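This document starts with two versions of one protein chain, written out as structure tokens and named structure 1 and structure 2.
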Structure 1
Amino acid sequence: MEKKNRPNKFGSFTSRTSETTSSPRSPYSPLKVNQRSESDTLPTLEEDELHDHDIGQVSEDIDRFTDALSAVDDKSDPPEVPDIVETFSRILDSKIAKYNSGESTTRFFKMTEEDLLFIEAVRRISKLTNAFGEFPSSSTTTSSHNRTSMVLQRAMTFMEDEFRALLEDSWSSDSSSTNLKPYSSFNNKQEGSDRCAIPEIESTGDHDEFPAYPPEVLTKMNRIAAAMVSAGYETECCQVYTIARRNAFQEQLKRLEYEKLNIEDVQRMQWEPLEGEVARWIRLVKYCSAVLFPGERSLAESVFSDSPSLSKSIFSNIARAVAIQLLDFAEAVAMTKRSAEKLFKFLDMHETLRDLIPAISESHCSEEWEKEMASEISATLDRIGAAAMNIFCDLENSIRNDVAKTPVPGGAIHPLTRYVMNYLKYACEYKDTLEQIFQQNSKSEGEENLQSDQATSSPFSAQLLVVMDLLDENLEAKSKLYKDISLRNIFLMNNGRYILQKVKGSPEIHKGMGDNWCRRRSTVVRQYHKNYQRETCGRLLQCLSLEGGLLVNGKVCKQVVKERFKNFGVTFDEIHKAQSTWVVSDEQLVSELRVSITGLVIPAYRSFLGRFKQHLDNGRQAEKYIKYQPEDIETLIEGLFEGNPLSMGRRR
């Protein structure tokens, strides 16, 4: 940025009498400046004449005159204007001309003392001009007023250009290229200012710091802004600043690969590419909440540190334009055709947007802007929320419409169960957000759960229960597809167990469904187990019953014993053959089932065997009718529910 060194550019201010004692009023000390280099001068002004003046003395005189002017009560009677006014005007003119003749882009290389002097001088001339302005137009001061206001205008034009150059150059040299090297939190380096450390943000890669201006540039901008505002050039100053910063903000968005999409374009996009845009948007909004907005705010605060109200309105202007742009995208996405897969991205957007609100209210912006933005954001939040809620409620219809014609082989967990439960589990990771959304949009149509003892705390929990009940109904209907009652119960057990485990495995769903619900479900699942047990073991135990002609008048009927043993073997084979192909994927459930069969069948078989084996004629007969020893049964039971149609053959 620095092109060449021109140490003497403020020569005209310092005068040749460098030993002058400074006036107590002037805020600067006398300067030790090298000899003026003649090459610097402009031929347009009679420099030599000017340099016969001591700037300190001139300033002091000007201040005195300004005070005197302001003190005049009768504004129709202006005092005589001393020559010093013209001299001072010329000094400034010459200085501005010299600045303007420079070739570098930022002509205030460093905020040297000379530059500070210039700014002081500009303040002085603006004060003087104001004092002149209080006198009527026909008075003797008019031409002096004209003179000083012209100088002031030149100075302001120069400052405006300077301000713009600083705003644009110091920024764009950092951010326009790919190798962004952000200055570390500029606001910490600034003198006496330790406000608002920029919060960290994750997942924005290497863009996590606000690309700030170097501290010395900041100081310069602050001085220029203060001078312009105090001279009444506030509007110009704000315009330059706002436009430059708006552009810079857009640059930032561009760097984050944010591309503005029209609402119509968004409607036409496939979900897959749009999902990518949404992800980008989420990153961007997070970055805005955490870095860009706070950074932009504290930048405005440091540049316009003298006028907090100005910095607020400037920041709100910049932020508003960006925020609306971001909101429009969210609106556009929320308007797209809804589908189940979009739910989680919508909820992500909802949460991201919600977190944007504190970035705005923390900023202590003017109330008007806060109100407008808050209502804009909440309108968009409502829309995304409503869309998310509708998607979630669509699950109801999807379940209702899922009518299967063929049962799942082996009574295994139905894909619908898996889908719904995983969807719910994932959705419940957003439980707080969903609760909030449901609360706001809670349906008036009376779809509430009416079971009094299940009275739920929230509309979302109610919706969860509705979904669960529907799923139950649906599974109940699907279970009817199994002709085998044992298998039907296995199916119900499998699915019921899966649902329970999913609910218990997720604290959020668990909370949503409540303990009572879980207890009730466990009971129901146990009932399925009992039904199964009764059905399967019942058939076996029937063979081992003492009823049914086994004892005739207290005598054992051998024929019946033979039949019973034979039937037992056949029945068991049937059960084993069938149930080995059944599927129980939950290990614990498998072992529970096996234990419960073993526990019922084995003791009964053992005692039957012990009591009636002797009634078979001999060893040969025993071998013929007693196919299995209790130990064999036990082993075979271990092979049930493997879901393996070959297990029988292999074991043989």
Structure 2
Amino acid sequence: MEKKNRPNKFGSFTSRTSETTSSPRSPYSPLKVNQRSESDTLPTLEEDELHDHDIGQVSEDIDRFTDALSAVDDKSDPPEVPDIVETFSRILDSKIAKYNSGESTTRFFKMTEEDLLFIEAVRRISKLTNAFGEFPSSSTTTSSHNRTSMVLQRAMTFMEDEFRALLEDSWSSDSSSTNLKPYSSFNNKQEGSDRCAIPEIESTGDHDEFPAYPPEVLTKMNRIAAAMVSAGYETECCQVYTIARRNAFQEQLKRLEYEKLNIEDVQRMQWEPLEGEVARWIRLVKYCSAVLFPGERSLAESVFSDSPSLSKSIFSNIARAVAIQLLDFAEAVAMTKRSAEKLFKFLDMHETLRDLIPAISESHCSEEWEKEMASEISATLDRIGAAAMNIFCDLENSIRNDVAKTPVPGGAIHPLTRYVMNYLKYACEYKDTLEQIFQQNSKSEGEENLQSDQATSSPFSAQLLVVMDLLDENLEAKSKLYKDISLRNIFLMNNGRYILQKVKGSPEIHKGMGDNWCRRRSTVVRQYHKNYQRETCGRLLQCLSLEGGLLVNGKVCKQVVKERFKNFGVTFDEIHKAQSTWVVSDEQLVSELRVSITGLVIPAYRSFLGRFKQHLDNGRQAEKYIKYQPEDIETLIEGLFEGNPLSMGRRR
């Protein structure tokens, strides 16, 4: 007989949906589809017979029967199971078979209304199975319970596969290709800064969000996860999700060109390649804090929106595995042999991990997990901080061990001075971090030996003063290598002026050293200048002195006048010849020295020349003893402190 005006049928799986609530975990253990025996197979209905059933009416009947089962107080006396239960089980089993056979070509990748109704049907049979489970195994409902359990297990196996496919396929096809710019030890300075530059992460894809799941895929995964959890398959659902997302996270790390290194690998690496790995690690940790972790947390919250505690637990497990991997690398680096050039990368790592703690606290995970991760990060911070402090303090030994037997030519700035001051300049760009590290690792021993201004300063500032004092002592010892006292003062003046300029040029160092130190240093440098003037100009002015037999009973002794003019010329030649090769790097200091020499020598020479030149016999004799006119001396003074252009040039 021809069937007319057929209502909505299961064949197209289009009908109204019914709201369902989560039910407690079922007491049975999940089976795998391939574990079914022939005796377990449900009899199948003919396709036409399936179409004869109004799925909307069937769903209503199942809901009413499930409510009736739940309302039974005496579980030993279950109601009769209607035929609609067997029909509903067969309909759902037939739909699963259709999905698995490939007749439904898109499966869940295009979540149609039919697919949504299938999920609702699964949730419905889950509630029914749980309701059956409340009755004794010897009751008349046992057969129906076994039947619905088997269908539910098949549905769960199918949905587990779909869940895995959505997790693994959708994100990989849509995710952006993100990588790190190549790292180089050279040309890695940020413009206008001396701090170590770090390679940036760049995105070459169309999406900047992570993970890049389309909204419709998130909806599908949310529906599947909710159905599996409500059916008591929480463990299987979480396991599939966690494995897929851990693999996805590791794949993302590979795209960022991060390679996992164990402690042995790190210990064997030379510093240059390891420095590149550290820079990459720093950028990766920052990227995890800003993008990957928030994205992963948001994904878990979206997929498991019906189970907030579950989403927190899943994200915590995924994030912890990655965080521990990153912390292990930092720990391994902290264990490498200490050397001065590692300080700045260690400080970069310290700052990066320090900024990770707020990101963890903002992850909205369980309080226990947040405390655990904060503790792990803090422990790593302590190790890196202690290593950085020890490296900085090793600067003391570097200064003490720099014992030279040969003076620097021309009294120029010593390489040790340049090294120490540039090292301090770069280090003090991390002043706040170093202050924190020294404060945490400060030692009480030896504090009674600090000067008064050191005792009231921070531990790091006190360490700066110790370094400066050691550098002063070292330079003072090196100055004694110069036999010429004038050159000795030029050396001390050069180095002292350089140190003072470096301190004043760096607000961080200046703040650490203090204004009192700067004033004392300026006074010391001026004293070096005065000592130089007294030694150099004193020799010339001695030749122009009125004492020493120049005047005898008020009369000028011509022979002494001749000797004085001759000695002045010889002395000036010696000074000019020597001091023209001396090096003064600071242009202002050069100008000050020349002006001071000119101001002392030229007026005295003019006066002496004007007063005693007439006592020479004639012009020819005057030319013999008077080698220079005042203008000549002024010109020659302008050539002092230029250094030897063939062997030394000015350096800043």
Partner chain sequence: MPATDNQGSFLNRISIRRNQVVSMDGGHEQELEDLDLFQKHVADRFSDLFSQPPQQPSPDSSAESPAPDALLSISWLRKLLDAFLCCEAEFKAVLVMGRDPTQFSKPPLDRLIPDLLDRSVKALDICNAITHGVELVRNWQKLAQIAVFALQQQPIGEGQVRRAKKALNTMLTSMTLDDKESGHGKSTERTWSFGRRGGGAASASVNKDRTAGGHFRAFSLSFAKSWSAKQQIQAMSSNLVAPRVGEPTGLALPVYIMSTVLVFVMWALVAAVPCQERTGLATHFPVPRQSGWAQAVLGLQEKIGEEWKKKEKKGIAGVLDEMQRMEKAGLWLVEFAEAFQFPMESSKADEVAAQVAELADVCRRMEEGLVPLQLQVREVFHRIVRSRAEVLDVLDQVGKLTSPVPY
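Numbers follow structure 1, counted from its first residue as 1. Note that the structure is a prediction, hence the values are computed from the model and not measured. Here the rigid core means the biggest group of C-alpha atoms that line up within 1.5 Å when the two forms are laid on top of each other.
Taken from the structure described as the form predicted alone is structure 2, whereas structure 1 is drawn from elsewhere. Put the two forms on the same core and the Cα of Ile125 is off by 2 Å or more between structure 1 and structure 2. Core-aligned CA deviation for Lys95 between structure 1 and structure 2: 2 Å or greater. Relative to the superposed core, Leu69 undergoes a Cα shift of 2 Å or more between structure 1 and structure 2. Once the rigid core is matched between structure 1 and structure 2, the CA atom of Met150 is found 4.5 Å away. After superposition on the rigid core, the Cα atom of Ser230 is displaced by 3.9 Å between structure 1 and structure 2.
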